[in-house]
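In the form predicted alone, a lone chain appears below as structure tokens.
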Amino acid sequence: MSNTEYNSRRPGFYKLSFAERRAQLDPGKLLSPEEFSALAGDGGLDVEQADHMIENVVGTHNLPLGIGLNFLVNGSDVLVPMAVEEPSVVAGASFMAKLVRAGGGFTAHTSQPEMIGQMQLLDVNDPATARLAILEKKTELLAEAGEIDPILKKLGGGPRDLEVRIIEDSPIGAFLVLHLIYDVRDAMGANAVNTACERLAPQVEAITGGRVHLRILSNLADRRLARVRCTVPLEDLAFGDYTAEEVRDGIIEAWAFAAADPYRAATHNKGIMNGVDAVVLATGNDWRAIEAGAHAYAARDGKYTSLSTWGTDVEGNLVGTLEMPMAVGIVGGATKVHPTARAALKLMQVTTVAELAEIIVSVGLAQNLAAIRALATEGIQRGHMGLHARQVAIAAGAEGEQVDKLASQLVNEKTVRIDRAEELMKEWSQ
């Protein structure tokens, strides 16, 4: 990922036309012509493919696909496909990645790709005794689970552990929950885990005399974490009338608000997910699972709080971290069915699910920095509304060069509204 053609530093990329930006991606060097076309929707998901993916298909739905630039993750350059409709996300993440790049880029790592499958065990006379009975048979149960998926076993995956919890305080009284810890390698893992839970249910019932009810994976994938850290040199934080120290301290103060208050934390973490979800969507992964896991993890200590942290190092530079569950895959599901998802993964040059997860959390931290930097200085509206004005201009009927002209006028007037845009269009047509 460090070769010249695919260096993620692309100065002035946003100023280029659509055709010029696509030409810079250099079709034929990394992507085949068919894969390259898929990125533009020309050879993307067609109705026939979609009809095999979900039920009651009547069409397909497109989102803008942009490229996050300037990302240096674990020493490697990466061009990051991002599917998102919200203005400023791609631009914000790319600019923050440029600042982070000056401090050495993002350093990320992941834990083992272990998912949790849950089995709800009801109708046991003595939960404590039933729990011990299950644990006494752990070796046999894990051995059975290990024979379910021979391909996964060959790749080094499979069951790792079995845990049993007693749920005391529930509306229906006490019951047991079994956690099957399952290494899913480069898959997201839902199908493998659910299948294993289904297979073990009769044996668990025979051991305990109880009734296995729900058998399903948990999206609180707190054994499958992705972590990232970054440093932004102090001198690179200054801009406009703001000193570097003002920007740094303002960012830390903004983070402290989110760390202490769940109302602020919800919006703070949404900013992280703006970046995370955009990459998850572009690569055909399950963004609902990632969202659920992230927010549950943010409340793991009984209080909803920030997923990220911001502070200073001994030299006064800004340092940030992000840790969150990251249950994504590069095999199976839409990642193999959707042409655009396949092309996006190839463009990123990822070969393992760990690499993908590390890139995703890096984008999440960059987007978080973009949001709180804006909030702590000039306010979120200036940059956001500048990009939103383009959407308003298009909605008012602007085309071609009129889009930028009308958007600029709306921003200058500080009236980014559809009614004013329509008024200006009428004035210009007279």
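Just count from 1 along the sequence shown to find any residue number. Owing to the predicted nature of the structure, the values given are computational and were not obtained by experimental measurement.
Keep in mind that the form predicted in complex with (R)-mevalonate (MEV) is not shown, yet the notes after this line are about it.
Within this chain, Arg215 is remote from the site of (R)-mevalonate (MEV) in the model of the complex, having no heavy atom within 4.5 Å. At a distance threshold of 4.5 angstroms between non-hydrogen atoms, Lys303 is out of contact with (R)-mevalonate (MEV) in the model of the complex. Not displayed here, (R)-mevalonate (MEV) is kept clear of Arg224 by more than 4.5 Å at the level of heavy atoms in the model of the complex.
Taking non-hydrogen atoms only, Ala393 never approaches (R)-mevalonate (MEV) to within 4.5 angstroms in the model of the complex. Interface residue among Glu253, Glu86, Glu205, Glu245, judged by heavy atoms within 4.5 Å of (R)-mevalonate (MEV) in the model of the complex: Glu86. Put simply, of Gly271, Gly293, Gly158, Gly103 only one has a heavy atom within 4.5 Å of (R)-mevalonate (MEV) in the model of the complex, and it is Gly271.
Segments offered: 29-37, 364-372, 56-64, 395-403. Contacting (R)-mevalonate (MEV) in the model of the complex at heavy atom distances within 4.5 Å is 364-372.
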